[in-house]
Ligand SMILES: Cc1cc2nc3c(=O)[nH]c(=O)nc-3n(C[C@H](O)[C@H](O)[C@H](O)COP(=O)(O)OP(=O)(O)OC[C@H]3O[C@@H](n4cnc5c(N)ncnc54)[C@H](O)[C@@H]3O)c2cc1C
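The chain that follows stands alone, in the form predicted alone, written as structure tokens.
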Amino acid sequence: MQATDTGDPSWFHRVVDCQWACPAHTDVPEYIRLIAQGRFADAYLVNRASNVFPGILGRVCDRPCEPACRRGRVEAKPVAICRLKRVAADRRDEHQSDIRERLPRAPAVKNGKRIACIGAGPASLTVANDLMPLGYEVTVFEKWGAPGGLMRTNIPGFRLPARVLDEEIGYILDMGVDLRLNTPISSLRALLDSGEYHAVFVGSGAPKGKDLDLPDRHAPAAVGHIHIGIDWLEAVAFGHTHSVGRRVLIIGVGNTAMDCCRTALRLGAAEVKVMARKPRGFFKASDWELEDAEEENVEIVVNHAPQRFVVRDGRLAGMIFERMEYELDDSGRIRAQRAVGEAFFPCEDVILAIGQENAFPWIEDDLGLEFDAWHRPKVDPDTFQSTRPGVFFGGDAAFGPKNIIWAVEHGHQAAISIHRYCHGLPVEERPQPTLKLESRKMGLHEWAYKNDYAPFERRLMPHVGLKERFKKLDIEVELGFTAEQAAAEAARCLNCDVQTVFDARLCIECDACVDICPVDCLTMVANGSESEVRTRLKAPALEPTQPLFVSAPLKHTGRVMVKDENLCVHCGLCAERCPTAAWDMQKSTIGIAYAGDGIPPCSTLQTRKRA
């Protein structure tokens, strides 16, 4: 095997599993350390550099970082990364310092470029956040009367309070964004032909909820009582819907379904059932969403496939479902299914939360924009440019429904492309991340970070009591961690960005590091092919997709030091034990590239005319 190129930023980036798993690559260990020190404003700014909406995502992120957390390899539950993010947001101004003074600002002198963003959701807002400090004039067109997109219309106030939305969206708008509310775009052709904008970003989401074309779906008595989930949540959010029937059925079991069932309870429903076609292992909803719904006495009924609506005596009476049985193979996939009877469930209202899809009735067919068979735009997954140069897509509008953090990353990448496009540079050429390593050594056995193992269990999130939370629609259920709880949870972080860095020139092959390693992740072996080396490791490599670290040949025997990064918990014992300092603990900082990085002064560039 070739020696690992640790000068490649992606090597150490990948080893910081939480940061690697985050679509926006937030520096998770760094902000957790700052929280542990009580430096909440600093932690907030570390967050905001990448994810833009720490207070919002600290409440509603889908948490792709947590399954990757290295803490989950030594005990059952990962660090509560998402909830610590909220701590930084909630406590950022505790020391009477206004965070606004430290946020990016737009320059007084503009660069002459105007950008149109369609939709005021997280992707468009991120584009504006990245381009405004570079001197762009950004206009955001929003069909609703308030910005935020799905963050405002589809996430209930008891999960995401309006004040949090207003504050964090306000940080972006206050840079001078031209926000035009109640202004839907009815023709992309007209926008392009106006000649006002040098580039257009489409961040209009996936606004079309899926329907169920079943018998009696469109019966006059049923129409007013069968609702599309995302449309129903929008009506609630904007105060158009204030009540719901006593018995409600929710069809579907994703996160939108969880928001619908909990909202129905707050609008007066006495009995809410979530109807799932498949077993629980196939649910799309996050585990914590399911737990919160069940805590509020929502019943989740599995293995029931909807068959038809039932109308009796001039009103919706309920639904008929097929009861399903499934056979699973050894990997948990469905091998066979069969219907074993029918069941009737009474209700006064049905809410369909079975998915959503793109809809672009305002994009004409002859503009050079290509769409696939599902009417999704053909978008380059790296540049986010469509088949028409100068028109970019991001968020749910680009690739269908995903979580907010994905929309944020799409916005960052689209902003890079827009900046390059407007200055005559190839959008395919992307600015590269950087790497900085700094030793944490203070003395022979002293480190500038906390490297002992904290045996704390994951902190439980305190909630508003069941009796209190239903009094108003927008009472936030999760109370957030106290400073003490946050400090205890932060101590569970294993500091994965403090790396075990090895210098083969200093190694005397004494085996001290191999002997002391508590997880047996180190082995000195004869080199060979990867398949051969993996058979010689001290402990079996449990995750073959994570590369092994391989050193240069050791000077005494020609063997190589091999480290299984999947097993390593960054405890630093190897560096403490090493008599020659061949091992060191070094903080790796990955510099994520954003719009403006790696671009020469504007005077040397060829700029593009308006689209």
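All values derive from a computational prediction rather than experimental measurement. Residue numbers run from 1 along the displayed sequence.
Omitted from view is the form predicted in complex with the ligand, to which the following refers.
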query: Residue contact check: E409 to the ligand in the predicted bound form, 4.5 Å heavy atom; finding: no
query: Contact label in the predicted bound form: T183 to the ligand, heavy atom within 4.5 Å; finding: yes
query: In the predicted bound form, V560 touching the ligand (heavy atom, 4.5 Å); finding: no
query: 4.5 Å heavy atom contact, D62 and the ligand in the predicted bound form; finding: yes
query: Partner-facing stretch of 532 to 540, 204 to 212, 306 to 314, 162 to 170, counted where any non-hydrogen atom is within 4.5 angstroms of the ligand in the predicted bound form; finding: 204 to 212
query: Contact residue in the predicted bound form, from V298, I230, M132, A116 (heavy atom within 4.5 Å of the ligand); finding: I230
query: Contact residue in the predicted bound form, chosen from I155, V519, A222, V427 - any heavy atom within 4.5 Å of the ligand; finding: I155
query: Heavy atom distance at most 4.5 Å to the ligand in the predicted bound form, all of E142, G148 and K402; finding: yes
query: Within 1 to 16, the residues that have a heavy atom no more than 4.5 Å from the ligand in the predicted bound form; finding: none
